[in-house]
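Structure 1 and structure 2, given next as structure tokens, are two forms of the same protein chain, each shown alone.
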Structure 1
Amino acid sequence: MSIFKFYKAKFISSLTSQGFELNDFSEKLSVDIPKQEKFGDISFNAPLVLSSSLKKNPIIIAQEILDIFLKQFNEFQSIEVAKPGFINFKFNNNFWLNYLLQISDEKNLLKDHSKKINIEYVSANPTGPLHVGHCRGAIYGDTLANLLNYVGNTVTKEYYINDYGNQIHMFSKSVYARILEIQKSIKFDATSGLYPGEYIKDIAKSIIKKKLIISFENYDLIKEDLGKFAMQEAMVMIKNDLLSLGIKHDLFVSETDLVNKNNVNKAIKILEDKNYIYTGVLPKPKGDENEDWEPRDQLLFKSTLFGDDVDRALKKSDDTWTYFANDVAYHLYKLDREYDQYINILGADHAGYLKRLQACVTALSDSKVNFVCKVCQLVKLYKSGEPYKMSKRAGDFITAKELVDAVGKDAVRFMMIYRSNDSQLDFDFDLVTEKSKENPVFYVQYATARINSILRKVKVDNNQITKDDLSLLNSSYELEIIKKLSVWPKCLELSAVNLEPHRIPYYLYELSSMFHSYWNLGKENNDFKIVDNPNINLVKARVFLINKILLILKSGLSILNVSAPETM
């Protein structure tokens, strides 16, 4: 547990026992690290929060609280009242040494609030390999899944396969055209609107080679099988691409399956029974240049009841279900499996779809479900400051695999998460392959390698170490590192609760930076040397400290699924 949470609870119970009414304020009360060192190690804002309801000057309240705390706590070196109405605490060194002694990786930090979570991410169409645009959402979703699992939840990683509808026909036709090209030298018509990508050829070759279909004479006879096999091939590609990023889903849900099992009718029936469906005419979208648009009666879902901008069509003019109708069925299927929380990772290009998804889930569940959509903004690739195009294939996109091949899994994963998902991200090829401080991936990994190197050189047994042994760690640098380590649980908790994993690489970078600085002290002053130091007891204590640093770095990197190398 983080010391901040721990002391918040302690302070609240202490004050409650002294007659303070804090029930309404538990959200606003906070125990935090002050930005400035002179304000101590932790600060408490109760006087500011309470002043209006108690109708008292916060400073006066602070004095009262201070008197109570001075009697009750002995782990503080000082407790002070500060300007607007904070109470600032400074721990004694003993406290920090005890803290250092018991530092753990904080796995299962939030086990007490353990949830069953479903997280859907990637869900790329099964018509070709993963491209670079999918990477960010894929890594964001996967890191989030790791993180939520790490802190003690049960997480299901889900992939929804859109293996239904027109695009699949187009895909199937495209593969067929490539098969004809291979077998009968019928030239591929690039103007036909079929998918031009090279990978279509690979899929065609594979289908021929595996003899999945005997005769390709009559397309109409084989189109269903061909489409099925082609999608299977594409899914193999996608799964391989995901694997190269270190991603493995638990569950793949097929749209076709849902349609065939009558889930769409079932879902629409539910909405109908709740009176959320009607037949009506949608207005022409504004800003649309298309003159073919004609008003038409159609089956609509009242998504505007739930905050959407317009009601959404469920049936097309040929009386088949829309993609959205199938999605309603998919979400019903999700809800039926009863998770405590649903997380859905979308790319920026699907942000406009978010409201209707939220609407359908709200409608199906009567607002009873915790369903969160997170959108990842675009990634722009750069090389030497120039927008970068990697693929030579005409009309083709940059694939995830090409990106991983160029810079490695670790760099891709680290950098894709090194920014808030709401902000656009510039990904620079030169930077991530650079071996310098500017490259955060290198900098953090180098810290783990350096620590491992030290551990190889200094063989000490730290199992029996005591607080007294650690008391040799009395420099301000060492104390600062211990304090930084104490922030780790808070970082984990904030990341998990707010679904913001970007805090983790930032934290790891800062911790690495502190370690590197600490190491470099030994260059100017022999007393600070860790390895070549005549004081064996000091070496032992320092090795204990850097072991804890390594523990946290490794834990953090494991959540990111980035390697923590022992040598580089």
Structure 2
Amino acid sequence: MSIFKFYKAKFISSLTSQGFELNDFSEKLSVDIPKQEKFGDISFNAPLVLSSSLKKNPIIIAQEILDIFLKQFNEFQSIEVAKPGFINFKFNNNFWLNYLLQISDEKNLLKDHSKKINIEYVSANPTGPLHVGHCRGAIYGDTLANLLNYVGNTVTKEYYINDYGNQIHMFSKSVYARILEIQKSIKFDATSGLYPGEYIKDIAKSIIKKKLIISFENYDLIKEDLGKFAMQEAMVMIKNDLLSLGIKHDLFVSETDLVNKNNVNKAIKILEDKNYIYTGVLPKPKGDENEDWEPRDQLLFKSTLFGDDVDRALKKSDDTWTYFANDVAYHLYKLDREYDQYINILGADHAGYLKRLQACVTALSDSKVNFVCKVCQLVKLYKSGEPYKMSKRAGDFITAKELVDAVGKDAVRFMMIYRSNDSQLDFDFDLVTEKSKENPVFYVQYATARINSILRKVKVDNNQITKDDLSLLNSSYELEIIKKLSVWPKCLELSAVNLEPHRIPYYLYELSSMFHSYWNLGKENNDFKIVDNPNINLVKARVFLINKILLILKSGLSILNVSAPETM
């Protein structure tokens, strides 16, 4: 139960019963955690919200509401007015013990407002394995999908395969060059602009072994089949990389399929019918020092009508579609499937695509869809205080699988989501393998293992616990833990509504820290021992409490797709 949503509803009901007209203000009313602990457990902003309509000082309104609440609520130890117009509440201990009894796995928290959501993430060019630079967006998108599913939405996890264009031709030629190297000892030309990575050799060997093509004598005769088979092998490699991260998409959409099925023409025709297409000349790109650049007529999309910096070209000089034109077709394909919300996860190197993507979706949908792009900032790897450098083009990079092999899936997933996607992330190999409080994933998993160790020693039937049993939980440490548990539903809601899954590992770390501190109290003071305590009723009450901690830790870790070990 979210005490914040529950008491917002109760407070609104109480005020409307006393003649307050709140229909126009209910969305602005909120029950939140006060900024400082000394102000109580929850805070209500009604006086500030209502002051302009009632033409009264918010402090006067707060006093009027206070008088009403004092008569109607008895679960508060204190209710106080605070400037500039808040009402602060502190619950009595009896309330917290009742709350502890009711804590459950808070799934489907937002089911009453459930949506059908499409999340496109990773969508890395299929010309090589996933590297560390892809990991963050992959894990952010996957965790966000888990979270949105968890709170009651229906989510489709989608990958867009960029398997069309010149980069794919170069990829196919690279595989062919490696095949000739293997079969005919023709030296691979590393200066030819081909992809030099070792993984190209693996793809070449697989195609040879499977006998997918009989003869490699003439590239022009086999280039289409070779490109298709090479792409299939590349996607097998990428899907295996994703599985090593615990990621499995629901749907893979091929750019080539969209082009071949005439989806690009369909999308451009729709924009043309809306009068968003014209033939014109784009200004010279800023910072472009190319002296050979010449202005030329191009087929353009009026993306500046929708907030973009410049209009966007739809055709190249050879009259083929631009990458952006194919992207327009892909987003039309998404829109045709009618989701309530569309979320694109982009890497930092694609941040410049935000405005044009938003423009094309707005134009295609007549501004009628909920479309959000989230950018994941760069990840920098450090080991022994020195940075690891990556270069996918040169084939000199750390793959996602190598990272997982080095530190484990759990550490990669937890730490990649531990900071907001808007912030650069420093991934420290030494830190994530350290067994200390400084390593968040270790500290959270250690909490689940430690609690399980206690539960193996002490058997308590939670169904037999009553509020009277829990009355022995009267220390400030225990009450603070219960208060922290009460914040979990709000953490889930804020994370889901704001698309900020980093709140979850941060909350889990804070809760785990409180548990470890509570456990260590028993080493310093026998009164706080959980297991070896002569008061068996107190033992049962404390075991009930840590069972609830474990429930929340396991729920949060399941969203992150990180294990909750029973032993460590």
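We call the rigid core the largest set of C-alpha positions that still match within 1.5 Å between the two forms. Source: prediction; values computed, not measured. Sequence positions of structure 1, starting at 1, serve as the residue numbers.
1 or 2: which is the form predicted together with the RNA? Looking at both, the form predicted together with the RNA is number 1.
Review point. Based on which rigid part the C-alphas fit better between the two structures, which of P501, W96, I139, V539 occupies a hinge?
Key: Where the rigid parts turn against each other between the two structures, we find W96.
Treating the chain as two rigid parts, what rotation angle in degrees relates the smaller part to the larger between the two structures? From C-alpha superpositions, the smaller part turns by 10 degrees.
Please state the CA displacement of S26 between the two structures in angstrom, with both forms fitted on the core.
-> For S26, the alpha-carbon shift amounts to 3.0 Å.
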